[in-house]
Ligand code: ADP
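Quick setup: one chain, the form predicted alone, written in structure tokens, and binding and motion questions come after.
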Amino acid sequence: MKKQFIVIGLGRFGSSICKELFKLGHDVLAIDSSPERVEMMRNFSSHAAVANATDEASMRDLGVRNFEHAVVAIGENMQTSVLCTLMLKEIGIPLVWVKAKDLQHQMILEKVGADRVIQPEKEMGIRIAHHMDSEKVVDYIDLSEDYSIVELVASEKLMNQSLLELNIRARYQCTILAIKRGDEVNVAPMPDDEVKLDDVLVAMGHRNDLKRFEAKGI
């Protein structure tokens, strides 16, 4: 379904989000105080505008109150980021996601009403660390402080056995969400679906259980 997004701040992070959302077919209003950055995004957004993100009159003139989702990607200037977030929530934007540069920034953004706070460097650092920790890990996503989703490569230990035979949920308290085989993805696999060598298992569970499954079950 086509959605409407505002992306404020067109640095590397913001422009990347803007391009991808536009590529996915959504309406995207791209905003930055830099004319050069705005010009670079004209072909990758529905509309691009030069504006001060903390000027409520300018934001209202651009029609931001008609958008359902905003991304504030002004990570380095904490004051501008916080003021912009507060203003968007007061205008009535239902969902405001904001980039933070550190924990203090994140805590302030949460207090002024940000619906989700992202620390891209921290999140990417965690994912890369898990890649480096084990050659079995293809990808890693934190769901909360305790729960995660991890993609693991199946070894000969699992080869030609069904999920029922492997009994992963009972043995490791992990849920297999999908099995990826080449370009094919089996979402919500059935108990009698077999695992083949080098399949990628998408597993969800507590971090400790996932680590145990990775060490002993995969």
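All figures in this text were calculated on a predicted structure; none of them were measured in a lab. In this text, residue numbers run from 1 along the sequence as written.
Separately, the form predicted in complex with adenosine-5'-diphosphate exists; it is not shown, and the next lines address it.
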**Message:** Considering non-hydrogen atoms and a 4.5 Å limit, does adenosine-5'-diphosphate approach E76 in the model of the complex?
**Reply:** yes
**Prompt:** With the partner left out of view, is K196 within 4.5 angstroms of adenosine-5'-diphosphate in the model of the complex by any non-hydrogen atom?
**Reply:** no
**Item:** Heavy atom of M40 within 4.5 Å of adenosine-5'-diphosphate in the model of the complex
**Value:** no
**Asked** Wondering, does I149 line up within 4.5 Å of adenosine-5'-diphosphate in the model of the complex on heavy atoms?
**Response** no
**Prompt:** So which of S33, Q161, S155, S46 gets a non-hydrogen atom within 4.5 Å of adenosine-5'-diphosphate in the model of the complex?
**Reply:** S33
**Interface stretch in the model of the complex with adenosine-5'-diphosphate - options 62 to 70, 186 to 194, 168 to 176, 47 to 55, non-hydrogen atom within 4.5 Å** = 47 to 55
**Request:** Enumerate the residues of 88 to 125 that have a non-hydrogen atom within 4.5 Å of adenosine-5'-diphosphate in the model of the complex, in sequence order, or give none.
**Result:** K99
